[in-house]
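Here you get one chain, nothing else, as structure tokens; it is the form predicted alone.
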Amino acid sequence: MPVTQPTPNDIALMAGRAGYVLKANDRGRFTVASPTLYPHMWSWDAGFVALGIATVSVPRALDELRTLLTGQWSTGMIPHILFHSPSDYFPDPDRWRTQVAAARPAGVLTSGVTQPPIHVIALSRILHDARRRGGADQELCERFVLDTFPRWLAWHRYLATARDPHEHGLVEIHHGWESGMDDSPRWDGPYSRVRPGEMPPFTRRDLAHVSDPSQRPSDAEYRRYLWLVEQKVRARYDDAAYRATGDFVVGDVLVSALLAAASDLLADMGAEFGADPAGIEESRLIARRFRTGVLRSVDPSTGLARDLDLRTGEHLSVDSAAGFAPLLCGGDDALLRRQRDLLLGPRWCGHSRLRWPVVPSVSPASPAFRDRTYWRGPQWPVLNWLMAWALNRSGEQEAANALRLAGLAQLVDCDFAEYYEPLTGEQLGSRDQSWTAAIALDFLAARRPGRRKHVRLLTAELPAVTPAGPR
């Protein structure tokens, strides 16, 4: 279906409504992910929220990231949820029991797993807005970059060491939640080997906030999710101990690509503002290793990157949008051109049945596609933003702008849903989702990131991957 560019009235209404949503979800120094379903601060949501807020207020955007850093563990890990007030959300702090972890932060209740490292990418966008405004905003942001450089480096170092101890170049995740794509068919194989044992009883509360339970993961899936939390608790949130005993150990290509891209940007900003040279070099080495790991994961027959089950040593070949991870981190110009054509082609954004030509979480041509189920097919505006951002950095401005305009057309209803039914355009999940409103503001600003520096393919530098083996 052709995409009609939003009218000036559409744009004014969307900007005002998006600002209203973010203001309504603001809790002072952080923003809840949504008003009811997600009443706390989520890690990668906060990154997207911050870059959207920056189009309106640079100081408030920096506060979002500053608050997130209060939850950072001594290992460098940034947990996926910060709990700031009591709520009916489940799993709650009592389920996570992170008090068993020596590395947890004092005085802040958090979950015990992490999420994709989008934050430095967001910071680079905030810096762009700060410089556009100049004056106090620019000075404040540049000081923030330099002051927090060690914290972001510690975060990336954690992923590069505790989550890639054998330097394979893929970040190891211990739960599907850590991917940000909770129930994606990417994880069907690894989850099929999760055998829940005895654990405390539970009552799901997420289903009370959606009209159709099929939009959410099933009860069987949720039991596996909670069993992995139980395994993390029993390992006292020690990554090496979990690796030896836990059921789910997977190398995630999308998280790895985001780590590579963010580490490149962190090194560039650090060099510009006079950060520690050793930290800058470390950041560049992290970027190189994980970029290489992502490129090595690509299936030559499909052109898509594949996750790696580190228990079995098997690549996980699924038509998921995570397969476009190389677009995010770069490193092979021919592959990036192939991925661009795949992304815009008839199996993905150009599929004839799509209501809007934006990125679906799973290809509609795949047998794994489910049009209404969470990360199994619906379109997530944040995913579309990531691909547009990646295309822009690769110099593909026309393709990036096509995704941006289609994304704006999808959001012109101003409901800012969590995700969208890809064939009908119906809003699904939570309404007034903070990161969706933030994406709208960023798309309206029509900013272009700096071009990615040319890098070369370095797959020969990485050791062979061997399975973690049976527990």
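Don't overthink the numbering: it's just position in the shown sequence, from 1. Worth saying up front: this structure is predicted, and the values here are computed from it rather than measured.
Another form, the form predicted together with a small molecule, is not on view; read the next lines as being about it.
Using a 4.5 Å cut-off to the small molecule in the predicted bound form, each of Asp45, Tyr374 and Glu418 places a heavy atom inside that distance. A heavy atom within 4.5 Å of the small molecule in the predicted bound form is found for exactly one of Leu65, Ala402, Leu408, Ala33: Ala33.
Interface residue among Trp73, Phe369, Tyr222, Tyr158 relative to the small molecule in the predicted bound form, by the heavy atom within 4.5 Å criterion: Tyr222.
From the list 332-340, 176-184, 392-400, 195-203, the contact stretch for the small molecule in the predicted bound form under a 4.5 Å heavy atom rule is 176-184. A residue is said to contact a partner when one of its heavy atoms sits within 4.5 Å of a partner heavy atom; Tyr89 meets this definition for the small molecule in the predicted bound form. Although the partner is absent here, Thr98 sits far enough away that none of its heavy atoms falls within 4.5 Å of the small molecule in the predicted bound form. At the 4.5 Å threshold, heavy atoms of Gln115 reach the small molecule in the predicted bound form. Put simply, Phe443 is far from the small molecule in the predicted bound form: not one heavy atom of it is within 4.5 Å.
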